[in-house]
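The chain below stands alone, shown as structure tokens; this is the form predicted on its own.
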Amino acid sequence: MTIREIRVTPVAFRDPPLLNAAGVHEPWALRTIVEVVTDEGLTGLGETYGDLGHLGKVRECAKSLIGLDVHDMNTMYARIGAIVGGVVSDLHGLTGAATKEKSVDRVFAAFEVACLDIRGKAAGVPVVDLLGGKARDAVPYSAYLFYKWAGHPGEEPDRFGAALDEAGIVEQAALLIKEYGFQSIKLKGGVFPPDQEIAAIKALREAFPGMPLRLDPNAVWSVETSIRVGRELEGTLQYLEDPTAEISGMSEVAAAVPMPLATNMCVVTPEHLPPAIASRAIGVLLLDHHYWGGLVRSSHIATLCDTFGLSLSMHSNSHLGISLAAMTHLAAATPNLTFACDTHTPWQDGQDVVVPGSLRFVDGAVPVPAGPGLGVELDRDALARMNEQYEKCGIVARDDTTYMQRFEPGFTARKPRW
């Protein structure tokens, strides 16, 4: 099965004003949808970031893959590596350091997922079977809470409302749990002074006793602050995610706090694993196939983590249903991925490029789609509408910091902030 055509379509969808260490989400989130078409008429789907620089590399690489067999992943990776070359910067700064390998992997991943979708369809089996088969029938996800404004400035409040204190965070958690059945909770921190976020976690513990809790300040705390917060929340957090920057800082914190540390920032490529393991910097790695080089390479990383006793969860960025399907197949095929995964799906509020029905949440978990390949179908009307939104929205790269500075001119994304 050779690749006859590749279609690359940038899309934009509405995003609420979610606050984080880098600033606040803009009104539109960007993604890129990849369709790989074979000479036998099968089409595979992939999804990746939508920033203009990344989109340009995806389009350039797509041209070089015409004529390749969908099984020839080594040649595909080599061709993409030759084109991508140097480092692609990470503008929003919440997914860790940029490296050459990560730059190649983040372009390759979308094509790899699309080819796995094709291979599953050709064989009549779901992608999870190509990754070793199901270790679980449904993948648990976590309620992903954000401090947020009631709505984007100048617009009407969105249906989620404001969450700027403990009461707002608890109310938001109750809404997401009611609608999706989530059985664990993650709070995106690094927004307010640490004591305020400690209070929010304690309010969540009181409101939802026994439910696993996590806190992620995106590395804006000093080592000293991280240790203080970790000790203050002893017995409350399932894990503390990226409290401080760099492997060395994480190692110092890990040795002094009672809960494991998790990361999607200080360990983002295989070269980071040896020093992180040697220094005992982390206990949980948050996989993300979008920048670990796709599903197969991520499964290799999972095996390495199992060898060295690292637990696994899964990182999420603003995404659509193709990515949710790929994440679900990968997590279902990974026995040692034992923590509920992150997802931004609730914040899409029903917006998607896949036909409804194949992806659903049941008691906070997504059953593995039953159809061949990824098990999802592209909604072409939705794709066209979101592409038109991309062309009109005026945003070409995610930049939480600059958007925040429009409303708070003195805001800075410096680290450490506390």
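Just so we're clear, the structure is a prediction, and the values are computed from it rather than from any experiment. When you see a residue number, it is the position in the sequence shown, counting from 1.
Keep in mind the form predicted in complex with another copy of the chain is missing from the figure; the text below concerns it.
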* Candidate stretches 199-207, 301-309, 226-234, 141-149, one within 4.5 Å of another copy of the chain in the predicted complex by heavy atom -> 301-309
* With the cut-off set at 4.5 Å between non-hydrogen atoms, does Leu130 touch another copy of the chain in the predicted complex? -> yes
* To do: Please check if Lys121 has a heavy atom lying within 4.5 Å of any heavy atom of another copy of the chain in the predicted complex.
  => no
* Asked: Using heavy atoms and a 4.5 Å limit, would one call Val257 a contact residue for another copy of the chain in the predicted complex?
  -> no
* Asked: Does any heavy atom of Ala333 come within 4.5 Å of a heavy atom of another copy of the chain in the predicted complex?
  -> yes
* Option touching another copy of the chain, based on a heavy atom within 4.5 Å in the predicted complex, out of Pro193, Pro153, Pro274, Gly85 -> Pro274
* Consider the chain as shown here, without its partner, and state which of Cys266, Val170, Met73, Leu213 has a heavy atom within 4.5 Å of another copy of the chain in the predicted complex. => Met73
